[in-house]
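Subsequent text provides structure tokens for two forms of one protein chain, presented individually as structure 1 and structure 2.
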Structure 1
């Protein structure tokens, strides 16, 4: 069960930021009045992580810290999690929701950084830069125009026309590329790009194929042997989305036999868990293959934006109860609660809880000024603005209501 103590003032809420999260995040918390902030350069594991979570109300992580059900169980005080990155697979999301802990992330803050890298990789692939650079490092002067091409006039096929894919589209047109895209959801076309009805049509018509899809059951193994064979002979592949999307063994075979002209891969099915673990891939050592260590969004600008955005979401939840950016929790957009008290109640999504809350407040002559309720799966979340309420008096009976997961009062 969550910690049953009363809501703590900002300067007593402990915030832990791991994995070298940008200093902008710490500054955002401190500017909002959260003075107990610890920022560490690395991930925590094992007992160190369990001990740290047990003493923390808000935790910020990136991709290497694993918040498993066991870790969440240790976090009795924990009431919010921030993933300072795009993905949230490192968190047991449903378990967090069942414990009344919303999870926030930054799905769009590194969009520009990824898009710019994709364009840069496109130039490098079309000019065979990786091979020529390697030869030059070895003392071999291989000056030749053979196999080198401009981007202008070529066709870029974008698989997944979301925030990143559409930004790649805009930048690509500035280079003179023709842009086609395929997405399973109809999307508003930007610039002169145009959609194609099937992935196979995109593969057959593209000089460069760039992947920008999330990791789902339908995208795992999306690019396997059969799909590589549908690509235009000699075309190039870029993957800056998710490692599970590409069968790297099949890709290595098609690169070695020349079916695919080159590839740039930033994400892999299996990635080292730390800088001390060696990286191994069947793509290593193949000419005109660019391998980067999952750095698509790793720019100072992106990390600062992520730090600001996710810290802002966490502060908004802690201060007002707003959950609009959460990935695992009922979503409520809430205005600041000036001159009122705010009651936050997370509960099992079952009949009778809301009426029990209202009856409890009515019995204590608490005037309700506003009420907001949203549910998601097993979890319900209700926020009530009231004239005035004594947290020490009201929280114990609120938490005693059958189905209650967590309750807080904000002044």
Structure 2
């Protein structure tokens, strides 16, 4: 590791990774010089969690550990939280921000996994594999080319050309599919894909429609009864986005009457919360319907990528102060602070704090080379690159400035 120093040396920054976070995350910390890493297979609860956070500077969790205001209160030394998953609502985000603790996550590390599944499902749907497989399991030999098609030369319509939709677009073209897409914001088109101005135009022109939109007011119920009637007769639908985007009762009807040729659905309006809860859907039992239990992004590669990405964000925050990938904190993109000292100050977003910091540095004749400020709600975050500063001398008065939440020096 570079001989840059943090307010607290790396080997004294205790990292606790819960819930079986991938080993890649631990490696990323150790490679960066953080040697005090504990990785546990399960979530912690109650007093065990309170005791653990009290002794931890950086905590990594997945979806089962609840970091409530009470837990954050116990985590006096906590300075960063990593959610090694997509969702972050298991953390009291605003309370964490008020305590100067940024929360990071990995919204896109499983993009490729979803895209690959979508391509696989497209092949399966066009070849009527779900029905043929079920019959073969039952001892029925349904060898026929009727209703089976190649992907090559067909048109795939992608709704939502974001991280996943654009990856699907690239993979699809390698299969010889023509790709059209519809997005509500202008996008950089990849390969030979064509944007179309309306969803209806996309539905009318696609042999397969694949949904890749987030859940918002504009996408809830996007694929309702009337929309299925705008699709080509016998076209296929794939939903690996969010369950609420499709009216599954209407879809079940259109599948049963043959208006829609088949569907592959990975996400549902009502999903079981645990493996003990039964899964019930109107789509069950319909031929040429592939149902998967929200596994689009669930691969070992995605878990590894999440481990690497979130650990990388936590190390970057600890080493340089960068917060660009945080969900609850003022976002600052910061290069490593080679050859300069760096003062990081998190404070209540109110008048007077910045001038107090600048006065403090000026009084000590510290030359400021760069100053980066961002605010978010009640919290302000300022990072100052300076020629040279005596960390031990400057930290007590910095922390004494009215409104200070947290201060660190990297040198």
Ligand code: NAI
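Numbering follows the first chain given and starts at 1. Everything quoted here is computed from the prediction, not taken from an experiment.
Open item on the list: Pick the form predicted alone out of these two and give me its number.
Closed with: The form predicted alone is the one given as structure 1; the other form is structure 2.
TODO: Take 144, 273, 180, 108 and report the one at the hinge of the rigid-body rearrangement between structures 1 and 2.
DONE: Only one option sits at the hinge, namely 108.
Open item on the list: Rigid-body comparison between structures 1 and 2: how many degrees does the smaller part rotate once the larger part is superposed on C-alpha atoms?
Closed with: Relative rotation between structures 1 and 2 amounts to 20 degrees.
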